[in-house]
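Presented as structure tokens, the chain that follows is alone, the form predicted alone.
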Amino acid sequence: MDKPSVTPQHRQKEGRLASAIHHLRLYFLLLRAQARSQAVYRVSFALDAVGSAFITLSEFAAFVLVLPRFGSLSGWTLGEVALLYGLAELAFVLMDLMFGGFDAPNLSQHVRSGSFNTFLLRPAPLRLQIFGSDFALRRVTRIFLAAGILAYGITASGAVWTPEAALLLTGSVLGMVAFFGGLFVIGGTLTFWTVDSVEAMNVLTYGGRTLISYPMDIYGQFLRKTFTYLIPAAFLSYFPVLHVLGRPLPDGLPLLAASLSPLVGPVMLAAAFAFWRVGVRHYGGTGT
């Protein structure tokens, strides 16, 4: 019986699959090395993990303590705001865990010290090395805390939960991870020219996360328009949550706008990595 012929396309497909498996294995080896190095100093790790969670806890607790004095926040109850806050916090911490190596303070340190040159010399994809260069396990406590706030928001918001609503919020989280990851990549790329991190990018990343953690109704018209049509942050979590809560979208936007988060995020990330490739081509080092 004749053996089935192996076409060049089939060999090419097998080669790409083997390469992807190899790079995925390499990525997890880098993460494991990072985790093991952090586990050596257990007390320091525990203090960092508790301190990291305390940032989220204190911020949300302050809001919880203040809100009863006003009854609601522009018509939003505590449960509804918790849904919005937990969603944004969960996505941002997941992004921070994955894209921490691209964060401008981390990358600028490599540029200043010259250690970025070693990434370029190693026989492994550059982006994969950067992804695996800062895997801070202390952020895991913030993930659990954000998930707890989100769970409270889901139960206390009074929304009717359907598979469509769950899919919408899942897409919202993925879109935010990609969107803010893209901002991290852009901020890190700028350090190839500026060496130090650009504070304006922190306004967009950390400021943007804080802004979308609360209803956009509380902001002025200029800010709302800016973060809806110029910087499409409102599409990431605000519009999906409005749809889940059964509220109308602002400016007469169609319901389709609530489903665009999984599109807006990847577009931002793709543009950021295009900018990254330009930055790497023009990287000249600092002479160190």
Partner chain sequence: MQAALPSTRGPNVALYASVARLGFRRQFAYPQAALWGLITNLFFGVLRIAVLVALFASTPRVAGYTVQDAITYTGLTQALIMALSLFGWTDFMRTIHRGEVASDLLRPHNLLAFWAAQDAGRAAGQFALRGLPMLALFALLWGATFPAGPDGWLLSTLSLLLAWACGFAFRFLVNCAAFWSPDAVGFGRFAWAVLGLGSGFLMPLAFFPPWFQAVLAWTPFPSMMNTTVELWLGVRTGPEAWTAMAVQLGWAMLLFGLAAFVLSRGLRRLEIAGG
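Given the structure is predicted, the values throughout are model-derived calculations rather than measurements. Residue numbers count along the first chain shown, from 1.
Here the subject shifts to the form predicted in complex with the partner chain, a form of this protein not shown in this document.
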| item | value |
| --- | --- |
| Non-hydrogen atom within 4.5 Å of the partner chain in the predicted bound form for each of V43, V66 and L211 | yes |
| Segment that reaches the partner chain in the predicted bound form - one of 70 to 78, 184 to 192, 120 to 128, 98 to 106, heavy atoms within 4.5 Å | 70 to 78 |
| Candidate from A147, A156, A166, A200 lying within 4.5 Å of the partner chain in the predicted bound form - any heavy atom | A200 |
| Contact residue in the predicted bound form, chosen from A39, L31, L223, L256 - any heavy atom within 4.5 Å of the partner chain | L223 |
| Contact test in the predicted bound form: I218 vs the partner chain, heavy atoms, 4.5 Å | yes |
| Any non-hydrogen atom of S52 within 4.5 angstroms of the partner chain in the predicted bound form | yes |
| Contact test in the predicted bound form: W161 vs the partner chain, heavy atoms, 4.5 Å | no |
| In the predicted bound form, F227 touching the partner chain (heavy atom, 4.5 Å) | yes |
| Members of 133 to 147 lying within 4.5 angstroms of the partner chain, judged by heavy atom, in the predicted bound form | R138 |
